[in-house]
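Read on for two forms of one protein chain; each stands alone as structure tokens, with the labels structure 1 and structure 2.
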Structure 1
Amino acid sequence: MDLSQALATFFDESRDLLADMERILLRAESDALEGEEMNALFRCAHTIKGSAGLFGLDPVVRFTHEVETVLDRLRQGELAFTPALVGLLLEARDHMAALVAAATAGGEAPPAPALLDGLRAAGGGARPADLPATVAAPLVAVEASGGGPLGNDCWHLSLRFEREVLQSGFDPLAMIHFLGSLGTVVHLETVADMLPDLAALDPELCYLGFEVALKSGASKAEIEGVFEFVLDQARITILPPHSRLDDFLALIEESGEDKFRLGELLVACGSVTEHELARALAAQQEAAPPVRLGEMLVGQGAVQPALVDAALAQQKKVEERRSSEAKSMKIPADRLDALIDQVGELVIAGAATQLQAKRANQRELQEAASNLLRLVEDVRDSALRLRMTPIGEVFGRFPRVVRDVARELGKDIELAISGADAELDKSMVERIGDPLMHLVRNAIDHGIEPPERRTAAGKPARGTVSLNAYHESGSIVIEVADDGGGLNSERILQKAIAKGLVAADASLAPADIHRLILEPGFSTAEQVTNLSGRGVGMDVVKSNVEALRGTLDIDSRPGQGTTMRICLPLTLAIIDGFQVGVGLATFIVPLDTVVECIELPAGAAGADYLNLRGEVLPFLRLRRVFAVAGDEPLRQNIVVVRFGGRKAGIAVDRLFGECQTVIKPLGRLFSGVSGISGSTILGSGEVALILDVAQLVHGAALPAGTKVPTPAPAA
């Protein structure tokens, strides 16, 4: 039997469960967990252990069992969350992740004996001095149902027989004696409140009731079976031992989706027998006004309210899960990628069809081609939406990072997350994680000041790092902000002059000074730490962001903090483009960057700037940038583009208009060419290059005194 597919599902689900564990544990560090959250935390470990056992992943099972023991003590109130215990459980969660990852790769994770000892001590073994102290277990109030107290390890049987039971040939005392075959009758108390005066007493009638404490490992159904023949002539109430309540609750939580109705759940866990359920259902049908089944069972003393509540909660959970699963389904990423590729080819074929229709100059054919292209655009949009994923998938990694790094640096830092539901392409979500990680760690290390310095500056001792995402003009903007001291512009400029990055007499705007930290090897840190200071990182962040066709802007204010703003396109696969021509070459400008098109003024020959309605607009000539052969035409056009808050112009020979653009990667030979981000195939079958507007705008608007990228040769 091939279990590889099921195993892959287990690995996927384990990662989700481990992420949930981390989220709940981090919350436990600052807030008291509610009962459902505590149960969810326990379920994460329990599910991983159980599923790992199915696949024979013994290392995962053995270690998770120790974690589960500690979580169970927390759930029972025998332990309380402390920073030390949360830290221990977070380490345990990391080791579980390592064990699962090792199982995924077919290897073995290194043992963690110290961690295991800590878990065993917290789970009830020997207690090292540094482990958290236990708290006294709270007294649990247990309801009685017409008989003696509950809360011990005995079943409690409350027996009330009809008076005629003896006349029917049944002896209650004999049945009570038979209970001894299932265990030990620890206590028997006779209830004689129905006993009449001696003169009125009929020796053939039963006036007595019994309260029995039975110590037994038998199930409720087995105990009820002793009274099987008198169930119609008696009221038998069987309440489980206190220890069994936890078992019943656990069984309810672990029940599958095949048991959905309340009665099924309670019978399946053994807390209610079939007879009790049938009796309650019959009574429910006759009840007026209507009574809920749970209330009926509790009223009849068949089950404790806590079990009914747990069963109802499980019922609701299954209902929500079914509802959720009905709305979504998992699809392997490679199938989705294949679909996007096919849609891309469909887009190219649609464009080719429309082109041929225009050349044929037949009106009916042109209309049919237009309709086809419209449908292709709809299919394209629908297919691309399938790849969209919330950015929260990445943001979820950072609460743990902020916690650990802040503790390492001795800082008190809060992470504020907003806009986690903003969506972007899944491949981009996977690739933006590392740049964001670097920015967050930089914000903690360099941005947020030590508590004493913040207090002296009149700020709260606790700093804040913010992650925010939102959509803007067809792009997604991701901000990493801190309320620290801000960038030191003077020190950055002096360092840049010393490194020869800018001229000593250069006059730079604050924003341009701040961008100097994106240069390779640039650092103003006085000390090299484990986190930063070597000048490696920000240039990599910039490169990674630009590889995603995005931009990185910096907004920093002295004493108030710094905001790193990343602007990314929503998708990497297919975009709306604007087709332009220079000589015999065709280029594509991403449409979301195009502001307007104007004719190049006749007097602008040789100039790099023009007056755009009173605004100075720098522009570059695409023919010169790519050394395109041929003479410039008499009339040229300017495509005005905007990127990252900057505006610039691109001079081209011809404007062809909008087109759908399927982005094809550049080969290794062209990967280093400046100003080009990719290629595409036109409807005519020709290859067109997609302009890297971010790089071109930066080159056109580069301040004097800074280095300008060398123009690339013609592609």
Structure 2
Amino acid sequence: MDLSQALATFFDESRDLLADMERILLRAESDALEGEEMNALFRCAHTIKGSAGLFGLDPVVRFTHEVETVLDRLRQGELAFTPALVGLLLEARDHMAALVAAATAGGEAPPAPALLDGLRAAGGGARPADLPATVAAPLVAVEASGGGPLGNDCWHLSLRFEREVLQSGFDPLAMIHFLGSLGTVVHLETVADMLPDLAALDPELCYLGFEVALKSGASKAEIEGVFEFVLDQARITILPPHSRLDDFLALIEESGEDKFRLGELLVACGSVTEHELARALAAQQEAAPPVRLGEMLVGQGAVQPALVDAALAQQKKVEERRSSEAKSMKIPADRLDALIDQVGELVIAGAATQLQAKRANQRELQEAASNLLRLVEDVRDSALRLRMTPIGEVFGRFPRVVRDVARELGKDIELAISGADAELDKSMVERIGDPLMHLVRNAIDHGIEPPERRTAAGKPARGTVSLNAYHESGSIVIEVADDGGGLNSERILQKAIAKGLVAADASLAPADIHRLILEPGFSTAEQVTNLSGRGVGMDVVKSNVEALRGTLDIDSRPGQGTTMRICLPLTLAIIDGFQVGVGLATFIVPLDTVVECIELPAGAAGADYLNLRGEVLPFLRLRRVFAVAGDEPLRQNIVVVRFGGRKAGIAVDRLFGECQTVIKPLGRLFSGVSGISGSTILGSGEVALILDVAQLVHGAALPAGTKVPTPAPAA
């Protein structure tokens, strides 16, 4: 087995678990946790510790063990969440992440002794003095879920041996005898239910199982060590002292044996008392509708109904978990990319087939070809959907960011997330994270006013930052909104004038003024904080968003807040294109940039601009930009495009119309070519270049004489 691959899986898994942990801890800060969440929290740490142990990542194991101890005490109700404790655990989580990352990279993370001391203080016997006596509350919650801790201070061992164990030379009773060296076997039940009578008995096979209550100070590993040599020939379940009823029920469920019988055995061992079962029964009664308990269970006495009922619930849970596991699977991104690439080729090949069929002028062939193309397009859509990920994946990291940043700035801020299930391409999800982070930080830092000023303005002291996402006509819109003071137009304008971004006498609409903050080197913050106000930021956000072929809008109202709206295409792999021709070459203009098409007026033949309904529209001639061979035809068309608030025209020979375009990146060889963002293959098999409208518009809008892009002489 390739260990590095397994290690990568471990890293992936740990990242998910750590994210879960963070999410639950953040919830713990505001709400009381349910028993199930407490368990989930504990399991996160427990699983990471366990997996890390498998790889021998000792630093991770050692530190996580301390975390686990604290979480266990929380779970048992011996400890209650306080803001300080949540803070500590969050820090611990971060340190775990650092340790895992360091272990995966083969390095070592710096130790965190203060953190360790804090955890030990919380995990140790002494209850920190600052914890209020609210211990009872979580305890009740845990009990109500039917999983209260049991009072027994013995280990419970459930041992089932495979038939061949005797033939392999191991004697179960000898091992049990050896258990006596670790402590006292308080009670033992021999389970001989599978034993046939003498006539059918094969004396060399093992039919026995044992339930053992062991009083011992040994660790689980030591106890397990007793059965070290038969672990693959036996089912050994070891429940620590004070295990919860849930654990016993899980044991019953997993055993696959007669539940009533095993329940009796557990009671016989003293591992579960009748009283505890009765208590679990009461909890059940509260949780479940009374009808269920009134059923056939009455006749069975007080003990079994609870066991069976809860055991069945347990089984259902296991099934649900299994089915949800089956619902999703992990696929390496490069395989998915390869698939989508191939599907792209298929689309092109399909289009080519249809073209040939048309030329052959055979009706059946045409029909078959168009059928094929339709199916291929379906496949393409499905394949693209495979890459779709909920935006929630990105949103998920913000509760923590907001918490930390708000704390740092001394502001009280609530984060409202909606539309987390809106989906977009995986690669976009990854690349939108940083710009969003910037916007959220900006909203907290600049947007939301300090509490005093908010109260003075008659607003609640607690500010709200909201993240929202929704689909809108083939694109996804992501909004970062705050209910702060809004942008100060006057100050922005003054600053822009001071920086020479606009003329002193310019009269700009408020929306245009707001857009000025997207200019490079612009920052209005009077107070430079740790987070923002260094003059880099919004322009970077803007260019990041534009790199994803998206747009960034600002909607700000004084005193009411600001909304930053990012609009992104759903996928980077396919765009709606507008096909145009120059000479023999074909180009694609991204359709979302096209405003309109007009005929090139005869009078404008030699100029670089034209009069579009009283407006000056600069335009460039694609024939010259790309030095396409041939003479200009008599009639040319202008495609009017808009990008980043600017309009320009592109003069072409012919307009072909809309088409779906599978984007193929250009090779490295072409990385220096300006004005082209990619290529695609047309149904006819010809290659068409996709125009980089942003660059072209930029070039066209510059005063004549500047060099981008250089109009090459027609060859």
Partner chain sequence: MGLRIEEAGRACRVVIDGDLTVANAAEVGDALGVAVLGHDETEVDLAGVEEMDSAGLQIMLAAKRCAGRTVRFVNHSAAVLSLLELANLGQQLGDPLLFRASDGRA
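The first residue in the sequence of structure 1 is number 1, and each one after it adds one. Heads up, when I say rigid core I mean the largest set of C-alphas that superpose within 1.5 Å between the two forms. Here the structure is a predicted model, which is why all the values come from computation and not from measurement.
**Student:** Which structure would you label as the form predicted together with its partner chain, 1 or 2?
**Tutor:** Answer 2, the form predicted together with its partner chain.
**Student:** When the rigid core is used for the superposition, does Q494 move between structure 1 and structure 2 (threshold: C-alpha shift of 2 Å or more)?
**Tutor:** Comparing forms between structure 1 and structure 2, the Q494 CA shifts below 2 Å.
**Student:** So with the core overlaid, does the Cα of P460 end up 2 Å or more away between structure 1 and structure 2?
**Tutor:** For P460, whose C-alpha is compared between structure 1 and structure 2 after core superposition, the shift is less than 2 Å.
**Student:** Does G180 move its CA by 2 angstroms or more between structure 1 and structure 2 when the core is aligned?
**Tutor:** Shift at G180: 2 Å or more after core fit.
**Student:** Rigid core superposed, I'd like the Cα shift of P590 between structure 1 and structure 2 in Å.
**Tutor:** The alpha-carbon displacement, core-superposed, is 2.4 Å.
**Student:** Core overlaid, R624 C-alpha shift between structure 1 and structure 2, how many Å?
**Tutor:** Once the two forms are fitted on their core, the shift reads 8.6 Å.
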